[in-house]
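Just one chain is shown here, as structure tokens, and it is the form predicted on its own.
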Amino acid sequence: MKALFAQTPRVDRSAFTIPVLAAAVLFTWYESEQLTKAPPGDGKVHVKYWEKWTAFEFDAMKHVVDEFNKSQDKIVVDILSVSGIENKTLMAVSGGVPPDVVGLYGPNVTQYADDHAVIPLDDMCKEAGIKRDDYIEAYWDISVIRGHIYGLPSTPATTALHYNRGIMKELGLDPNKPPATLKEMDHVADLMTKREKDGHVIRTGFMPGEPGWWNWAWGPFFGGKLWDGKDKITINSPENIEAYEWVQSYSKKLGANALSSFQAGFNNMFSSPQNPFMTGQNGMEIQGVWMYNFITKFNPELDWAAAPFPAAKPGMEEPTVIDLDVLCIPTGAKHPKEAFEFLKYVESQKGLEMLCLGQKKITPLKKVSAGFIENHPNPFIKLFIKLAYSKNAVSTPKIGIWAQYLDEINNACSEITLMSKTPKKALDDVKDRMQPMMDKYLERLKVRGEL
């Protein structure tokens, strides 16, 4: 769900006073040492595992943990759901009291590697026979930073266009023929849009800012790149400008204030019956494989379907966002060997299918059992698996300043949507602010001998 795409703010340790840092470390120690404290005298190695999930997602991993614990008699994994896991993990590593395993967000692995907060797993993976060839490459590659493996896939995701078949039927459109191009989708969105006599928007066909988790991806969907893979920020390339001109076209059609007012009513409404896609107030939406879970929970009668997101231009068919939850071993973990034994169990076909089926997501492995497909409740699971192989699948840049870059892109997207800046001006400004930061970031890596 949304947490999969959450972003990690960089922890500036210089900003902490000694008392504040001490208090943070003490709190982290309490969570790590007390809430997952091993029962005395059982003779087993207790592996402390922090995970960010809650509710059914946590329960799915808890089931995997329980099965691992029953599978052998030497190791016990103690799993704990930890909010704000990104910062607490960094604090725990800084304080010398990290867990043995941590479930992190794929887009942030580079930062943790840069901060030396997680250990490379190359040798352990080689010894265990865990290799790239077994995985869908896009997922494996997310945690490979400068040639070293810093995390292993847990639950992956792709995104697709979710659309309301009922509204399609209402308009006399074939619900079995979703739009294949962005031009077609824009036309359907116009037909779906409803206003009151005073111009107040009461239904949209599509909103580029809903849910707003992938504002950074619009440029790549048009063939743009966020950096050149070496040292240049390229957010203001012609392809990216074209993408955000398309984003701004919705503000021009609907009215910036009308669109902003309409969308403001759905803030923090994703996991609720008031989600605009659930209520029929938004006819089409880009969403991940997990959306099925929330439709089933909040509006099981909704007549919906999923399809590849429409192509912005020829050659850009089946664009999708690739993202991933990952399992890492923090630097300073007391039991890295035993922690990796647990990771080996999770990374098996049995372990990953147990976890991913429990969360109703796809698996990161190339090999998929017939039972996984047959028992999966999402009627579009084959689509989401297929999209993971798309040549137009995009993921976030592997740079340690991604959190700052994302903030800049989101701010620019707001300016573009509110029409306070042209797309070119907004993206030029992002480039001007981010390039110096990129230069300093790369220089820091060079000084440390990591480039």
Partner chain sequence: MKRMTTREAFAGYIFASPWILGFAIFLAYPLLASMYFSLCDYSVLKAPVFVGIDNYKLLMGDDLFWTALKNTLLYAVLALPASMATGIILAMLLNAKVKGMAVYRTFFFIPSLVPQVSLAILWRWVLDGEHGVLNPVLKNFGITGPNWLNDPVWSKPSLVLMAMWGVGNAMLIYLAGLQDVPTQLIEAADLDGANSWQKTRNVTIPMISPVILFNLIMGIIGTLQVFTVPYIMFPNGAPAHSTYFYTEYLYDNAFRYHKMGYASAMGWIMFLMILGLTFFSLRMSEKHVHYQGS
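Residue numbers count along the first chain shown, from 1. It should be emphasised that the depicted structure is a prediction, and the values quoted were computed from it without experimental measurement.
The same protein also exists as the form predicted in complex with its partner chain; that form is not shown, yet it is the one meant from here on.
Novice: Would you kindly say which of Ala138, Ile130, Val93, Ile241 lies with a heavy atom within 4.5 Å of its partner chain in the predicted bound form?
Specialist: Spelling it out, the residue with a heavy atom inside the cut-off is Val93.
Novice: State the residue from Lys297, His148, His200, Lys225 whose non-hydrogen atoms include one within 4.5 Å of its partner chain in the predicted bound form.
Specialist: Residue within 4.5 Å of the partner: His200.
Novice: Only one of these stretches, 406-414, 383-391, 61-69, 48-56, has heavy atoms within 4.5 Å of its partner chain in the predicted bound form; which one is it?
Specialist: Contact criterion met by 406-414 only.
Novice: Looking at its partner chain in the predicted bound form, do all three of Thr155, Ala180 and Ser348 come within 4.5 Å of it through at least one heavy atom?
Specialist: Checked in the predicted bound form: no contact with its partner chain for any of the three.
Novice: Does Asp115 make contact with its partner chain in the predicted bound form, using a 4.5 Å heavy atom cut-off?
Specialist: Contact with its partner chain, yes.
Novice: Given that its partner chain is not shown alongside this chain, does Gly265 nevertheless sit within 4.5 Å of it in the predicted bound form, heavy atom to heavy atom?
Specialist: Yes, Gly265 is a contact residue.
Novice: Considering only heavy atoms, tell me if Arg448 and its partner chain come within 4.5 Å of each other in the predicted bound form.
Specialist: Yes, Arg448 sits close enough to its partner chain in the predicted bound form that at least one of its heavy atoms falls within 4.5 Å.
Novice: Does any part of Ser81 reach within 4.5 Å of its partner chain in the predicted bound form? Heavy atoms only, please.
Specialist: Flag for Ser81 set to no.
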